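Just the one chain here, laid out as structure tokens, in the form predicted on its own.
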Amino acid sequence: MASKTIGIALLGCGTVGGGVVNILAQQRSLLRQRTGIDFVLRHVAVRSREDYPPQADKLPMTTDANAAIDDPATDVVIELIGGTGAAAALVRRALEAGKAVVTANKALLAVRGRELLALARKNNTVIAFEASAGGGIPIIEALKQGLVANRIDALLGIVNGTCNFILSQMTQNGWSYAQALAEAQKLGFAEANPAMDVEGKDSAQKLVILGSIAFNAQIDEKDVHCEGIDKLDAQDINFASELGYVIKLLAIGERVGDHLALRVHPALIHHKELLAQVNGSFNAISVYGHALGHALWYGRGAGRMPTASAVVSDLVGLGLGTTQLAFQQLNILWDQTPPAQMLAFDKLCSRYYLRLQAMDQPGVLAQVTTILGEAGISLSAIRQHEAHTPDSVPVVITTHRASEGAMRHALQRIGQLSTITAQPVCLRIIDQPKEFANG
């Protein structure tokens, strides 16, 4: 039987684009054998000749992305440029021409996804975006179809490999944040300007995408409370370990009654939990469905070949027609779902870890516990460590569940005490699922 041919215009040939080129070249016959489709690179478009990859002489290179999109031989446009500027204009052009689009661009989907999904429907085409969150982990396909029978009650996970690498180094090797960041940059896990990763914005954009599908709701980036790891102190890593916890940067979405709560922040997880054991640049995403219960997806969350693997999986879905059918018939993407009803962040409840730098004198703890008690916050444990300086000691407190608003009000009062010598540190403790509470 003759193979069907799919012509591809690849926009951007950096790290991930180079991986896509490699897979399409090296696995061309295997893909044809498995699918009956011949995936052919018609164009590889970059901004200028200075951006040509090393193997440019063997590729159909161009600096005219518009012409590559407009070519009648182009069936699918793969956008790997990134950002919300030129990439958005080129994706719009492709969709308006009725071309299918594959993208790994989380920022574009988080900021302009609703608009672009609607544009795809208007022009009877499709956007596929498995590679936009979770790298090579097929979490988006799982949320869209594998778990379609479930009401998703919560998802939480590690979705940024850079931050997880940094925290792993701080935890396992006792490094400072600055040391771990420098190593991440040296190994290529972190950019020269790591702000998107370490401030939590990358994770927040991925949570917008994952949460929109999981909860069948329109979620905006502004709906996600976001804290990063850039201000995390190594001593909190150590104190958490003493208490039996590991600190991870988590992206968390959950139903709270009729509302949704979405947030990204460092959190303490008990060391026996699965997420606590995810190290290095790996990602892991836990999903809780009413029928399924708990499931976890684990794997490489970024990088050249894992992300390219997800891009090519989208290509195959488009070639087979399954992606188009699902896009047309499943009413789960955020251009077709209602706006999320968000729970105000100060109404969220959690357990807490507090670290106070207190003067080493009688009555200090009494002042602190009085303030917490007046805020309705019950204490779980208090640990006092040896003094770092002649006149102050670190005090670590863990609490039972309390509202975020009550905790913030109490922290403000505690920070104003003359006996507290530094700004209090507050981190949230994420408890293991109830279904595992008895082992």
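In this text, all values refer to a predicted model and were calculated from it rather than measured experimentally. Note that residue numbering follows the sequence shown and begins at 1.
If you look for the form predicted in complex with a further copy of the same chain, you will not find it shown, but the lines that follow are about it.
| Among the candidate residues A178, A344, A195, V148, which is the single one with a non-hydrogen atom no more than 4.5 Å from a further copy of the same chain in the predicted complex? | Exactly one residue meets the criterion: V148.
| said: Just to confirm, with a 4.5 Å cut-off on non-hydrogen atoms, which of N216, T84, Q235, T369 contacts a further copy of the same chain in the predicted complex? | reply: By the 4.5 Å heavy-atom cutoff, the listed residue in contact is N216.
| query | Applying a 4.5 Å heavy atom distance criterion, does N124 contact a further copy of the same chain in the predicted complex? | reply | The answer is no: N124 has no heavy atom within 4.5 Å of a further copy of the same chain.
| request: Indicate whether N66 is a 4.5 Å heavy atom neighbour of a further copy of the same chain in the predicted complex. | output: No, N66 sits far enough from a further copy of the same chain in the predicted complex that none of its heavy atoms falls within 4.5 Å.
| query | Any of the heavy atoms of G321 lying within 4.5 Å of a further copy of the same chain in the predicted complex? | reply | Heavy-atom contact with a further copy of the same chain at 4.5 Å: present for G321.
| is_contact(Q277, a further copy of the same chain) in the predicted complex, heavy atom dist at most 4.5 Å | Yes.
| field | Contact segment among 163-171, 299-307, 89-97, 356-364, judged by heavy atoms lying within 4.5 Å of a further copy of the same chain in the predicted complex | value | Heavy-atom contact with the partner occurs in 299-307.
| message | Residue by residue through 277-299, which ones have a non-hydrogen atom no more than 4.5 angstroms from a further copy of the same chain in the predicted complex? | response | Q277, F282, H290, A291, L292, H294, A295, L296, W297, Y298, G299, in sequence order.
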